[in-house]
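What follows is one chain in structure tokens, specifically the form predicted alone.
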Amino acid sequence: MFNRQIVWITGASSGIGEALALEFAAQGARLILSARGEDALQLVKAKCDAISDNDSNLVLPMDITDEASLANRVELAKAWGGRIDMLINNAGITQRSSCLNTDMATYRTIFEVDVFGQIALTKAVLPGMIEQGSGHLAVTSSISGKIGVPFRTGYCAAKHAMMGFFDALRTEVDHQNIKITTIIPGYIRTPISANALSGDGSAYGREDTEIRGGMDVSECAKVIVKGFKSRKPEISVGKGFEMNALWIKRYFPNWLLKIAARQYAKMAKNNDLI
């Protein structure tokens, strides 16, 4: 299904993005790998080249928050591959701080990366997909895009925003043969918490216990790609209790609120987060 397809993955230098790149390489896709760090992307490219039947994959460094540069990145991507069959908006950053201790500048940074950057790149890629009569746009959201989680007010807000944006976009482009997929990971073993922002915008630099015990990132990528093949509009992936929160929120919202509030109280008491 993905053989020789041009698949562009942002946030491809580590975590879910890297794992998806490796899985797509094994499926025969031609990859465009983007993130800010070129050296890390080159390492991912080497791994993909080693398992791919294709002669090359493209490293295309970019800063998703540099909106003025995105049109140029899209042109370079199309010049290399001739078209863009699939864009996976996977770049993102999270937060570990209470609302009262989070600077507005930190909230704005999260939204620039997790919301406005994704929207801007999607808007830059979408006209080409409409012109070619097909395409697939995906975004890595989160369980936090469905429920409220303590110490992640900015992250939850951003991920809820992306769920809303892509659900609405799906209604606009369905008749143009363009698929939209929202990806909803739970706890996956990636560097996401270590790379999180503290309230003042500094690096959090710690690994969450829940992340440490989460699903293996390679297994996560396989589930996501299987969901793409099945044309699922929404792909939930994870293995812990957090996955139950999706149905608890729907049928027992007050119960979920109490669970989350107890989690907040426990973390605050133990001074796990500030």
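Residue positions are given as counts along the sequence shown, with the first one as 1. Since the structure is predicted, the reported quantities are computational estimates derived from the model, not experimental observations.
There is another form of the same protein, the form predicted in complex with a small molecule; it is not shown, and what comes next is about it.
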Original post:
According to a 4.5 angstroms non-hydrogen atom cut-off, is N195 in contact with the small molecule in the predicted complex?
Top reply: yes
**OP:** Check whether S236 has any heavy atom within 4.5 Å of a heavy atom of the small molecule in the predicted complex, and answer yes or no.
**Re:** no
Subject >> Contact flag, R36 vs the small molecule in the predicted complex, heavy atom cut 4.5 Å >> reply: yes
Subject >> the small molecule contact at P191 in the predicted complex, heavy atom, 4.5 Å >> reply: yes
Original post:
Do all of G15, M62 and A91 end up near the small molecule in the predicted complex, with near meaning a heavy atom within 4.5 Å?
Top reply: yes
Original post:
Between the options L246, L58, I211, V223, which residue brings a heavy atom to within 4.5 Å of the small molecule in the predicted complex?
Top reply: I211
**OP:** Just give me the single entry in L126, V113, A157, I147 that has a non-hydrogen atom within 4.5 angstroms of the small molecule in the predicted complex.
**Re:** V113
Original post:
the small molecule isn't shown here, but in the predicted complex, which of 135-143, 197-205, 100-108, 79-87 has heavy atoms within 4.5 Å of it?
Top reply: 135-143
